[in-house]
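Form predicted on its own, single chain, as structure tokens, below.
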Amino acid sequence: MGSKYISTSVIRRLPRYFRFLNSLKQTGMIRISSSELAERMGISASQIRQDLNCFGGFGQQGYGYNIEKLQAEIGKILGVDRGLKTVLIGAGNLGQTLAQSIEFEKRGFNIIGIFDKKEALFGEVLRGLPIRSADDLEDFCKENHVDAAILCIPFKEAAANIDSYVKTCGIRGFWNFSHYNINEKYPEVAVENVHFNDSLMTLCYRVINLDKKD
């Protein structure tokens, strides 16, 4: 694959392929054609072929795709086996919910530290890890060479600490729930922003327009 540029739109479709293929694998299916996969996913077969061809292509003409092999290959591309060293910053309601409900290890991340600024939380155990003081984050990151952070803190707190997270802690990727625009200041850092309100308002629009015709 080398340094070939892959568009963000292609990359964002890969997790969906991975998820669909996993569901098919659980049913016992062995192989599937691009047209059948496309029908199940609601996209075009040519789109699937174009996306996979960005990484060399994995199908055989007249045979289709081996489901288990294709899922494994997409998993390698996404890095689900990498176990990136990750910290959770913000152990409030949202942080605790994410920590308890998501299998991060199956998605390429290994949570090795959890931090918060509230003293009442210090020492509580979450995912088998004690919640530490946010004051200890810099030393922890330096000692453990942390790759990524799950940022579950308010906008102002993120803005006040982003220099420390990037420059001192050396964090290279953020799953960002803070609404602070990290890439505006650090465009070289990998960021996935999560905006629940945006998603909710998008759903509202779709619901109220269900009966409208093109």
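Because the structure is predicted, anything quoted here is derived from the model rather than measured. Residue positions are given as counts along the sequence shown, with the first one as 1.
As for the form predicted together with another copy of the chain, it is not shown, yet the points below apply to it.
Within 4.5 Å of another copy of the chain in the model of the complex, a heavy atom is found for all three of R12, V80 and F104. A residue is said to contact a partner when one of its heavy atoms sits within 4.5 Å of a partner heavy atom; T168 fails this definition for another copy of the chain in the model of the complex, lying far away. In the model of the complex, another copy of the chain lies within 4.5 Å of some heavy atom of L98.
Contact between P130 and another copy of the chain in the model of the complex is not found at the 4.5 Å heavy atom cutoff. Although the partner is absent here, K25 lies well away from another copy of the chain in the model of the complex, with no heavy atom inside 4.5 Å. Contact with another copy of the chain in the model of the complex, judged by any heavy atom within 4.5 Å, is made by just one of S33, S164, S44, N181: N181. Residue R40 is the only one in 21-52 with at least one heavy atom within 4.5 Å of another copy of the chain in the model of the complex.
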